[in-house]
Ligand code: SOE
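In C-alpha cells, the next block holds one chain alone, the form predicted alone.
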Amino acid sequence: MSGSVRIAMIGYAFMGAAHSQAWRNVHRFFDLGVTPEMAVVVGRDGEAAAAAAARLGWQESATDWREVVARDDIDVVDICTPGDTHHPIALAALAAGKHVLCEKPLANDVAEAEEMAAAAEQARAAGVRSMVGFSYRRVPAVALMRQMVAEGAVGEIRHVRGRYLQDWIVDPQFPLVWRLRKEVAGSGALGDIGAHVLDMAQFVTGQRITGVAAQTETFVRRRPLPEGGGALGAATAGGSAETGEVTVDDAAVLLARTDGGALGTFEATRFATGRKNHIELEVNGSKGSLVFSFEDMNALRYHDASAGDRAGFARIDVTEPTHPYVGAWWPPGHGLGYEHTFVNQARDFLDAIASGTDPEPSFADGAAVQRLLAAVEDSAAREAAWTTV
C-alpha cells in the first residue's frame, strides 16, 4: 500500500489527544511508505467533537461511529474510547475492511478479546492489519532493554520485577469517573496501568507469564458523582452530594511464574501517594541485571556481572542514533518524552500497513494479556490462590 491513509479516530480525550499528536507528526520524522491523513474524529457530543477536531487538527468531526466506520474513504480506525466500546467498534471496523489500532486493554473481558482476536485473524487474510496500543513498548530504552536481553546481556532470567504507581485518586472526594466503574472500564488499576507493566515484562523478557497468585483492594468504595451526574461526567469533585459505588480495584499485587522459569513480582496502584506515573521494570539474570524507570525514561541501568570487583550499575543513555527509534529524532543527549511513544507507535503501525506485514502487539497478544488480567482477578477472588493463566 502507498499514498495517503485516511484515519478516523473514535474518542478525543486524553488518549485521543496523544494519538492526534502522533498522527500529525509521524511522517515529519520517519520515512514512511504511506502518509497519514487525519480525516475525521468521532465523539458523542457534536459541539465538543467539532471543537476537538479544530484543536487537534482533524478535517471534520462526526457523532456516529457506525456511519464513519462504513465510509469508503476511511482506511484506518483508531479506537481511543473507554473499554466497553472497543469490542463493537473493532468488530465493525474489521468487517468493513479497515485497519484497526485499538487502545489497551483490548476489551473488558476475555470473551470479547478472543472474539476480537479471531476477527482480526480472519481480516488479516484479506490484508487488514490490527494492533493494540501498548505504547510503552515504543520507549527507546524499553526496546533496547528487550534487545539486550535477547542478546544474552543478563544471561538466564531469574527474577522480573515490575510496578506501575500513581496517586490520582488518593483524595476520597475525587469523583466517580468512568475509569472507576467496572461496566465501562472493565477493571481498575489492574487493567488500566497493570496491563502496561505486565505486557512490558513479557515484551522485554520474551517470556509468558503462566501462573499468578494475586490480591486486589478497593480502598475508597464510594465517591461523589461527577459534576453533571453519571459515571461519565466531568472529573470535578464537589459537583454532587450524591455518591456512587466504586466497582473496580484501586490496587493489585501479584506473584508470578514465567514459561522460562523466572519468578515475577508486580504491583499496580492508584494509591501510591506522591507517585504520578512511576513505571519500573527490573530483570535479574545469571550474568547481569537491567533496570528501567519511566521517571528517567531516556536511560537504562545495566549491571554486568563479568566485571568482577569493578562491577556496578552503569547508566546507558539511550539517545544514540543506533538505538531503537532514536535515529529519527534529535542529536545524542537530546531526550524524548511521553508523547514520542505514540509517534513511534504510529510509525510501526503505518510501516506494517505499507509493507503488508503484521504489526505487534497483535489482537492475539492483547487477548493473551486479557487472559492474564482475568487470572489475576480470579486469584484475588479466591484469596490469592495459585491460578494458571
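In case it trips you up, residue 1 is the first one in the sequence shown, and so on. Small disclaimer: the values here were computed from a predicted structure and weren't measured.
There is also a form predicted together with the named molecule; it is not shown, and the following applies to it.
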In contact with the named molecule in the predicted bound form (heavy atoms, 4.5 Å), from 218-226, 192-200, 140-148, 72-80, is stretch 192-200
Given that the partner is absent here, does residue 298 sit within 4.5 Å of the named molecule in the predicted bound form, heavy atoms only? no
Is there a heavy atom of residue 205 lying 4.5 Å or less from a heavy atom of the named molecule in the predicted bound form? no
Although the named molecule is absent from this view, report whether residue 313 comes within 4.5 Å of it in the predicted bound form, heavy atoms only. no
Is it the case that residue 108, even though its partner is missing from this view, gets within 4.5 Å of the named molecule in the predicted bound form, heavy atoms only? no
Quick one: of 87, 163, 98, 179, which gets a non-hydrogen atom within 4.5 angstroms of the named molecule in the predicted bound form? 179
Residues within 4.5 Å of the named molecule in the predicted bound form, restricted to 246-277 and counted by heavy atom: 277
